[in-house]
Structure formats: C-alpha cells, structure tokens
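Below sits a lone chain in structure tokens, taken as the form predicted alone.
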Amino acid sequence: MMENHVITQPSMPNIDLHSHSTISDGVLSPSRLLAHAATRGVTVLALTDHDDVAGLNEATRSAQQENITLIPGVEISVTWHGRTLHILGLGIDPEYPPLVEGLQKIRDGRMDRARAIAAQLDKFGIHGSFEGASAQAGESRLIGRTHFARFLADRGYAKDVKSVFKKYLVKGKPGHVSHIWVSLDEAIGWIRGSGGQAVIAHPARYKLGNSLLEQLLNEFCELKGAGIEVVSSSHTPEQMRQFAGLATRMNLYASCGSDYHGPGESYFDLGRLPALPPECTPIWDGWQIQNIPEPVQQS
C-alpha cells in the first residue's frame, strides 16, 4: 500500500493508472509523457512501462515540475495456463532487488522472442525486421511486438499499427511467436514484496470465457492480488460494467487506465477516461495523495 501521500481535497482527481513511455513501447519519453498529461488535466499518473522501471526517475522529476502525483508502476508479462496476461504493479519500490532481477530476466527473454519474431517474418519474405524494430525501440532496453508493428506499418505492410497486429503478430499469423513469461505467483510476489498493489490489466483482452476468468480471479485473490482494471481503452462500456460487477463480487479494488502509448495509438487520450462505475471501490481509496489540484471536467 502507498503510505506517503495525503489527500487534500474531497473531489475526484483526474487519475490515469496505466501509461507507457519510450522506456518500453510508448512514443513519448517519460518527461514528455508527464508534460502531455499536464496539458490534459491529469493530476495522478502511473507510469507502467512493460517489464522495466528505468523511466521512473525521469518521470518523478517531471511530475514535480508539472504538479502531478506520480505513482511508480510497472506492467509485468505473465504466463498463466498457456496464455499471456499483464499484471500492473502500482506503488512499487523500483529498487526492490527481487523485482529488479526478475524484470531483467523478462527483458532478456523479450530479446530472444524478438529474434524469433524476426526469423518468422523472414520466412515470409519480410526482411530486416529485427533491425527495423530495434531502430523503432530507440532508447528502450527491450524490443516488443509494438516495435515490429511500427516498422511493418512504416513499410506499408498494413495501414496502421493496430492492423499490423491483426495481420502479422497474433496467434496463427506469420510473425506470432509463443513465449513463456513469469508465473502469476512470481509477478504478484515481486509487486507485493516491493510494497505495491497488483492489478490485472485490461482483462477483457484475454478472451478467457466465464470459467477461465472465474478461475483467474479466484487464483489472483488467493495470491493477494489487489485489483482489476475496470476502465480501460480495451473495454467496451458493457465490459466495463461486467468487470465492475466482478470487482465488487470478488472484493477487488477497481482501477482505471488509458494504456496510453502515444498519439494515434491509443483509444483514450490521457485525462479522458470514463468514470469508474459508482458501485466500485477505487484502487486509490485509502491512498494518501498530496498536492492534488482541482480536477478538470472530462469530455
């Protein structure tokens, strides 16, 4: 739990608890991300780069300049019953040794997967994709599927990044490569050990079906996971209502996040999230957040 902030106003701050920078596969650097968040009226932002916390120092400095409360976070890649899930860690200690060591191992695995994706694409006559994805990654210490998608979109293989994923990078397509990440138990253990709270990111994206979803939530609760992302750019209004009901029934906190990667790549801009359904208990309930300016009306 986060103990180092104090709530100073009763009204709802403009909160976004899922965003990415160039440290993983975002378009904006941590400082530019914070500057953009400020222009959108965000008062509390979590930087949750994939499997890396290297952007948090820069983001913390920028957050102070922009008068934004930064929640240190990460998005950890997990394999559960043969499926890839993403678990957010909110309020983590980025210097917690088991977390640092675990994330390094995941990044090493990401590099192996990147080479395998490039080899797959090469078989289909798409050459130079590893070098192209590496160039797209820039300062990032990892190469992800989004970097391949940007390279392929730039080369005209599809009209945009979202189309590239559907055509080349999902299961059954030329560039798909299966990979074993860390276990759910490990990810939640690192997050909790570092003082943070574990949240299931964009649960509708996994298309689990009712039985597997129930199994996941039960296991997640047994491992003392804290919350579930109810409001997400991956969720329809109906799915938001569904996960609000599940969060309430399972006694889980509800979180909200745009999963912002940059202009043109995200369904929701920073600061433009729908409100959590009223029956939910927000993940920030009980946090102590300091220096929150008056929220901006969302449109």
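A residue's number is simply how far along the shown sequence it sits, counting from 1. Every value quoted in this text rests on a predicted model; they were computed, and no experiment measured them.
Not on display, but discussed next: the form predicted together with a small molecule.
Here the chain stands alone, but in the model of the complex its contact with the small molecule, taken as any heavy atom within 4.5 Å, falls in 161-169 among 222-230, 208-216, 97-105, 161-169. Comment: the small molecule is not present in this chain, but in the model of the complex one of S129, Q197, T146, S140 has a heavy atom within 4.5 Å of it, namely T146. When contacts are judged by a 4.5 Å heavy atom cut-off, H261 counts as touching the small molecule in the model of the complex.
Contact check for R113: a non-hydrogen atom falls within 4.5 Å of the small molecule in the model of the complex.
Among residues of the shown chain, H36 is not one whose heavy atoms approach the small molecule to within 4.5 Å in the model of the complex. Not displayed here, the small molecule is kept clear of H235 by more than 4.5 Å at the level of heavy atoms in the model of the complex.
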